[in-house]
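Just the one chain here, the form predicted on its own, laid out as structure tokens.
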Amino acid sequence: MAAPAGWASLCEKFRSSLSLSNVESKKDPENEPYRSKYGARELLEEIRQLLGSEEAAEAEGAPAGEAAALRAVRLAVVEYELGVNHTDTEELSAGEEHLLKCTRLLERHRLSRDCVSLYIQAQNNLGILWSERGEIKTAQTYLESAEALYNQYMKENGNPPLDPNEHFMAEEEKLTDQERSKRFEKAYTHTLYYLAQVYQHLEMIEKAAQYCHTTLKRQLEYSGYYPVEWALNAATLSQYYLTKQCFMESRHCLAAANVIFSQAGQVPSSEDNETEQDQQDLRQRKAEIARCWIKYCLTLLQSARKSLEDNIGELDPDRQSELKAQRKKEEDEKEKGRKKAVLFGTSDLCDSILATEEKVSCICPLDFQEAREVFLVGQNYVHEAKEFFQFDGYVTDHIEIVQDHSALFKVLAFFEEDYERRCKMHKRRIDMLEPMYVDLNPQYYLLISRQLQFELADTYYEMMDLKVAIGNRLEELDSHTRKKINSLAQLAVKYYELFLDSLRNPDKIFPEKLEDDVLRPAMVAKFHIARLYGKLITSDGKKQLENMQTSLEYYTFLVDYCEKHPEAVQAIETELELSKEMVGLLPTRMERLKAKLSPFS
């Protein structure tokens, strides 16, 4: 074993290597990005030589007593640092070799207080290394082994283990048990964090979400997190809970994201040119969290609509009354539900998160007033997200946000009983979507252009249906309502036709067989155009006959297409059934109209 003076020198070399790796390396010039890392490596190689070879340590390890075992652990620390160093400089094979040497040196004593933290950290790094190689299953093996070792140690021992760096510290410099515990728990949190990513890669989504939630919880508990990164991860996790209709958990994640993001400080003003990129990044992250809130509000409203609508898509009053009565019974269960959610943070943090949660419900709204409250929260986040994701520079993101805004109006309209007010909500959708469509170049944004064409057509179609319903309540249809119905029907036809034209080949020929992703939209467009021509109001008999003929052609297209392509039937069963019915009825109606018109022709 080295003399006291020699040992102090060795410890100083080790401290210098850590300083070069963790502090000085951040200042390295762009043309020499690893200068400090290479300097640290030289020092580590010197320490390894002074300690003696791995083989010598292994030979002495078991029987030769405590001194040899201690040297083996110190060598393992050096091998670990060399492994991380080579991995950082993108030399993965050398990195793996050193990390494996580290685990071999510790294998016999991996459950001891001296070794367990280092062994887990070595396995974590081997897991990361194999992930970077794309070998996710191998990474999973190392990380799950690290997890199992932590659990076994905590069960059998539980005392705060030594931090690897303590093996190169004088006795008076050693860490307190509290600090040891904090560092050990941080290493285990890293294990869970990497496992969450591995499970996501392996499409074990539920397990990935569970590990992500535990990681976030532990990061808060042990204060080991960057606020912006933590907030983004929590907001992303909220979207998983949305897919499972777990609105309480989703809202909790988003509320926590808001609270933790605020720890990053207020978004700075653009006066400070030195941190312009940092400001830009901060604004973008804030806008990304806002988009997650928009999805939360939209999904909550859409889920409510699904539970309340009847077989023709209207609000079912009986179902509404039933759900309201059921909700009243469940009020007492509310607290139990709260306890089932995995809460983040200490009591102070929890209070801030709960205060944020109270701004929006996690229970499906059952009437217009409740739906409007959720809608307004979603709309506020739309404005926040659009501040960063502007049309000029973020075309796709901006359009997606506006489409979500339109979807919020659409689902709110479902709860509105007054047809005129409902119509005005759909008009708001037109006003936000149409200018974007006009400014969009379909050559570069074909998919988005199609989405907008179809949504505009659907919105005009819905408005036309509402105006027809309003007209049906009148004793006599006035000329203004008649003109409005015709105008809306023609605009719906225009956008459906634009959508269908976008499917044509360069020679303007409509495809004989439609791709799966456009099959249903194309067939629905054809079906709706057929119906729209049937809704056009005219006193001109010849024009009425022409409209009926056009309507018949579109209905016939659906029937003929499904006869040629039977696999398409499943996608449009309802539309096909009605089309067959109309193909049977329309010729007779047309004959009657012709007979009625013939004496005057």
Partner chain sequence: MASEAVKVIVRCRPMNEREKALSCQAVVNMDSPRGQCFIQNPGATDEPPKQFTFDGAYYESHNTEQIYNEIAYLLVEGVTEGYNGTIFAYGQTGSGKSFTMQGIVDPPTQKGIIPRAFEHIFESVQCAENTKFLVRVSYLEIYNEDIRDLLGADTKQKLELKEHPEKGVYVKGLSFNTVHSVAQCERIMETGWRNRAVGYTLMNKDSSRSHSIFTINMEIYAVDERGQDHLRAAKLNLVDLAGSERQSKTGATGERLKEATKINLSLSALGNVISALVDGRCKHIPYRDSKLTRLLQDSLGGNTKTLMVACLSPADNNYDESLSTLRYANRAKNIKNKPRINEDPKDALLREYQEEIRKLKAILAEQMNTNNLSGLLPAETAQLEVKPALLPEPQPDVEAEKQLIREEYEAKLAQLKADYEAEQESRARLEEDINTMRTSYDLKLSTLEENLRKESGVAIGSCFAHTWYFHRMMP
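None of these values were measured; they are calculated from a predicted model. Positions refer to the first chain, counted from 1.
We do not show the form predicted in complex with the partner chain, though everything after this point is about it.
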Although the partner isn't part of this model, could you tell me whether K535 comes within 4.5 Å of the partner chain in the predicted bound form, counting any heavy atom of the residue?
yes
Quick check on L447: any heavy atom within 4.5 Å of the partner chain in the predicted bound form?
yes
Even though the partner chain is not shown here, does V395 get within 4.5 Å of it in the predicted bound form, heavy atoms only?
yes
Classify D88 as contacting or not contacting the partner chain in the predicted bound form by the rule of any non-hydrogen atom within 4.5 angstroms, answering yes or no.
yes
Could you work out which of S352, T141, Q279, T236 is the residue within 4.5 angstroms of the partner chain in the predicted bound form, going by heavy atoms?
T236
Using a 4.5 Å cut on heavy atoms, which of Q451, T356, Q320, Q490 is close to the partner chain in the predicted bound form?
Q451
Would you confirm whether the three residues Q284, D465 and R589 all fall within 4.5 Å of the partner chain in the predicted bound form, going by non-hydrogen atoms?
yes
Would you point out which of 113 to 121, 204 to 212, 320 to 328, 166 to 174 contains residues with a non-hydrogen atom within 4.5 Å of the partner chain in the predicted bound form?
204 to 212
At a 4.5 angstroms cut-off on non-hydrogen atoms, which residues of 519 to 550 are near the partner chain in the predicted bound form? List them in order.
R520, P521, V524, F527, H528, R531, K535, S539
